[in-house]
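Next up is one chain by itself, shown in structure tokens, the form predicted on its own.
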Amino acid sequence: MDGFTPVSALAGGALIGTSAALFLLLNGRIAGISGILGGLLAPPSRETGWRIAFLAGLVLAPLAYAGMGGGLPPVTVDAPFPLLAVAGLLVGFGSRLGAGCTSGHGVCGIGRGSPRSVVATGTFMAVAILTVLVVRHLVGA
């Protein structure tokens, strides 16, 4: 949170909201990352191309930004790999159980006024807060 400014937060939020709205309007699809990735794990379909392009854009956009002289923040991971693997599996399980992830429910679903997405996002946030409380404050990791 060192580089937080209200201007950068508003600009980032506006870009995310605009892109999610355009994706829905132009493609009739929700920009939920777990659903887009999950669709690639299904048998091949005519939707494979746009799914690969969308996910490639998530990886290539920061690289393009850095190539144009933008500074990328340093990434530091202080957790051991087994813990990260378990955390990733739990996030995947939660996304499957919740029928979507924070991008699908939190950005797109709440923006569409979906009551199910409001409940899902509240659940995601409550579990995240509880996890930080347990891991950082009670266990002391």
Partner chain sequence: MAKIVSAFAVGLLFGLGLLVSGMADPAKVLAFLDVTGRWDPSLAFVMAGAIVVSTTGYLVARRRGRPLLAARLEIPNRHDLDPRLIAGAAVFGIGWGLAGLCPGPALTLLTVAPAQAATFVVAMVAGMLLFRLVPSAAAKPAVQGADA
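Numbering follows the first chain given and starts at 1. What you see is a predicted model; the values in this text were computed from it and never measured.
The next section is about a form of this same protein that is not shown, the form predicted in complex with its partner chain.
Asker: Can any non-hydrogen atom of T76 be found within 4.5 angstroms of its partner chain in the predicted bound form?
Answerer: Judged by the heavy-atom cut-off of 4.5 Å, T76 is in contact with its partner chain in the predicted bound form.
Asker: Answer with yes or no whether G28 is in contact with its partner chain in the predicted bound form, where contact means some heavy atom within 4.5 Å.
Answerer: Yes, G28 lies within 4.5 Å of its partner chain in the predicted bound form.
Asker: How about G88 - does it come within 4.5 Å of its partner chain in the predicted bound form, if we only consider non-hydrogen atoms?
Answerer: So G88 counts as contacting its partner chain.
Asker: Could you confirm whether P115 comes within 4.5 Å of its partner chain in the predicted bound form, counting heavy atoms only?
Answerer: Within the cut-off, so yes.
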